[in-house]
Ligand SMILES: Cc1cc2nc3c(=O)[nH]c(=O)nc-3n(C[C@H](O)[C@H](O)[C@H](O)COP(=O)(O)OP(=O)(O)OC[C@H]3O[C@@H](n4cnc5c(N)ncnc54)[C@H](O)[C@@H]3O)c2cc1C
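Just one chain is shown here, as structure tokens, and it is the form predicted on its own.
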Amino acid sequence: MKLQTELQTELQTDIAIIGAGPQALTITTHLLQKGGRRSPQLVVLDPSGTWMQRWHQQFAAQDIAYLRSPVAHHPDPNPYALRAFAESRHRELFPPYDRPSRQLFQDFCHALIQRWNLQDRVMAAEVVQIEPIRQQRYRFRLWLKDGRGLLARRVVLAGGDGALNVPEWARSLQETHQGAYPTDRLSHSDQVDLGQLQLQGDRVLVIGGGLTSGHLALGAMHRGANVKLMARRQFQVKLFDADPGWVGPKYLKGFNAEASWQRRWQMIQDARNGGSFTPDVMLKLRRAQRDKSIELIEQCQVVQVRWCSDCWQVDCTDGEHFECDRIWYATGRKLDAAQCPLLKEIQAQYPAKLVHGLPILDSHLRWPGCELFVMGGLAALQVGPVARNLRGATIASDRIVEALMKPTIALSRAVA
């Protein structure tokens, strides 16, 4: 009787999608297209209460003018939809591969949301716990930050790419010297909003060899800062995160045929090979270097950082010592299912084998033994090196939607 009363008061849904970013928008449109009038009941949960809020905010905060992905990669099930949308806005498609501008992509996503009538699909809620339950109809209880619970038959984890990856020296400073320096003077790249900063005359150290660090360095320079851009190895130049062959069967056929999960993980590392700059960003950085607006420092790492009165004292592995006013570390995020709070109880009740933090899922990206589906970087062992990208969202959606629309697909189906 108690359980029946709880079921009457708790929110209920067939499918709960956690996150409202590009991965979530992609699987939602694919699910609705596939299901038509038979589409299952679903709810999307995100603290912002709106689609793509964090995505758009990060692009604006880091002064990113256009996407790294080509025009064919986007959340619409029709691969030609963005090109058609841009028919009268060709100047916002940048060569090569017609990469869309930030504003064009944002307008396209807004139109997509309107067309699929998704404006009210996002519930403003933060999921803090996923509790597997042994109940006839509902398999999960999602606990929300405000104390409410939501019952769901199936769950798609489509939000979040892991915790911030903080260098050891920065972690030590934050843990032992908190309050000894202004908190805004030492930041992960995800915490930097260029539009909110006055940087004229500031000395800024940007750490990282990926595209984010390049955007931040150029953005700080344009705002009058004196910039040092440092990476632990030589700067790499690549148009995409991984070779274009990884978005289709050219490389994925061999990847999917590989039986060793350890070798798959190594293939992902080799394909991405750390951070890189696009050719156009590298060109801008080299020009700024010639103009002495940006100093590029390769094969160098920070050894020690101290806050002295009103600036940072920085010691490096190459013996250099200098002062700066701000330090931004663009060191990405760490993907590790074992450290993901939302997967804690799932892993306890349905233990999954992890390979360097990545779970071994079934062929439909389903957590072994239950109806939890995973998208984004944590699904890389099945999707490949582009798992966290827009193309990866489409690949993942195709696999997951098949299982969501056909409940008869058994949980025991072979892992692939």
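Don't overthink the numbering: it's just position in the shown sequence, from 1. What you see is a predicted model, and the numbers here were worked out from it, not measured in a lab.
Although it is not shown, the form predicted in complex with the named molecule is what the next lines describe.
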Exercise. Taking the shortest heavy atom distance, is D46 within 4.5 Å of the named molecule in the model of the complex?
Worked result: yes
Exercise. Looking at the partner-bound form in the model of the complex, is W367 within 4.5 Å of the named molecule by any heavy atom?
Worked result: no
Exercise. Taking heavy atoms only, is A20 within 4.5 angstroms of the named molecule in the model of the complex?
Worked result: yes
Exercise. For N389, is any heavy atom within 4.5 Å of the named molecule in the model of the complex, or not?
Worked result: yes
For this session: May I ask you to choose, among G219, G159, P77, G208, the residue with a heavy atom within 4.5 Å of the named molecule in the model of the complex?
Result: G159
Exercise. Using a 4.5 Å cut on heavy atoms, which of I297, A86, V314, V127 is close to the named molecule in the model of the complex?
Worked result: V127
For this session: Run the contact test on T13, A16 and S39 with a 4.5 Å heavy atom cut-off to the named molecule in the model of the complex and return yes or no.
Result: no
Exercise. Among 343-351, 58-66, 356-364, 27-35, which stretch sits within 4.5 Å of the named molecule in the model of the complex, heavy atoms only?
Worked result: 58-66
